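Coming up is one lone chain in structure tokens, specifically the form predicted alone.
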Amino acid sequence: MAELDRVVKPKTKRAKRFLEKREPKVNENVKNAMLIKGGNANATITQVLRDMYALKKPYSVLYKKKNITRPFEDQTSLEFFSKKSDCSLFMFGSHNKKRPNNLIVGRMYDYHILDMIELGIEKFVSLKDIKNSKCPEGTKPMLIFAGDAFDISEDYRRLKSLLIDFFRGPTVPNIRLAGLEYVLHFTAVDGKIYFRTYKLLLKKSGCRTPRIELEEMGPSLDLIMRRTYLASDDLYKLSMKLPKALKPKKKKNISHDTFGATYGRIHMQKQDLSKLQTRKMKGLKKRPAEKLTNNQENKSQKIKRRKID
């Protein structure tokens, strides 16, 4: 136990920088993905992993060698590769008689598998089969999900969350119209998931807002859901927990109505309105009789206070 609990300190500055990059941060780094071939991967699976690697660049690592492992039976090898390459997302491709053209998409939490979903590829059109211009490397995509299944079924809800995590890319503070170059479209209909990739074309429209056209870019996949390995609700909530520094601070005495108007409550001390300075007008001046009564009242109040003292 003493050997396992021992903390190894870095001996060089390079090793120190490497360990600092992997330490927990308030704003985490962009999630990297590893793409791994199984021991019996065919040409279709190999090309699918290459195309996904091209879409995820530069936040992806492609393992070219075959790895004999079964993620649903043994997860140690995937967890080892995750720690080695510092990747929290993975895609594993395999092919056999029982599950042909098999694709497993998953993610890690603290270098342990959080959840993964197995998908079967029924139809595939590669990126290189569609002859047109492609998007440059590192372009952030737009994600569109169509179909009621993504909101009704728990498995499909988790798949939607997983796909958003996999393809979202870096978080950006501002969006430039010319930077919106391609769309990933996921449609869930009749137990199938249709994955399509389109390039965005901005055409002249005669006004300031351009006319938008979609041109299929590839890859294109028809998928079916097979097996699922989902984290428990407690573990899933723990993985989604935000640090205190990122939580928005609640502002007191401020409320909003249904129309979006903001209302604020101000706490003030009780004011004596008789001493309030108003506009000086002849009609508002006190008459001599009123002044006498006010002076007599003030004198009587002073006499009462002296008697009490």
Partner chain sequence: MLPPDGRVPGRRCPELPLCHRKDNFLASGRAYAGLHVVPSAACAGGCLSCGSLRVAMGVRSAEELLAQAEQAEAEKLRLITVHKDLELEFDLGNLLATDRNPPTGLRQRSGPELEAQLQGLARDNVQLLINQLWRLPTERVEEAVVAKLPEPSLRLPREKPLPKPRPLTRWQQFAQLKGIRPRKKTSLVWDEASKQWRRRWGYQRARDDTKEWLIEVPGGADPDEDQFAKRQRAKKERVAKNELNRLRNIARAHKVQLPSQGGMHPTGYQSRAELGKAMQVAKVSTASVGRFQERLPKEKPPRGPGRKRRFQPNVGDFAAEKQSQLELIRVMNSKKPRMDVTRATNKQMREEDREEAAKRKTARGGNRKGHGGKRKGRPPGLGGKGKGGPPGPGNKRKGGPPGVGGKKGQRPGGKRRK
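None of the values given here were measured: they were computed from a predicted structure. Positions refer to the first chain, counted from 1.
From this point on, the text means the form predicted together with the partner chain, which you will not see here.
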| item | value |
| --- | --- |
| The single option of 104, 78, 159, 188 touching the partner chain in the model of the complex, heavy atom within 4.5 Å | 188 |
| Sole residue of 119, 135, 114, 127 within 4.5 Å of the partner chain in the model of the complex, by heavy atom | 114 |
| Partner proximity in the model of the complex: residue 176 to the partner chain, non-hydrogen atom cutoff 4.5 Å | yes |
| Contact of residue 229 with the partner chain in the model of the complex (heavy atom, 4.5 Å) | no |
| The partner chain contact at residue 123 in the model of the complex, heavy atom, 4.5 Å | yes |
| Contact flag, residue 204 vs the partner chain in the model of the complex, heavy atom cut 4.5 Å | yes |
| Residues from 216 to 246 in contact with the partner chain (non-hydrogen atom within 4.5 Å) in the model of the complex | 216, 236, 239, 240, 241, 242, 243 |
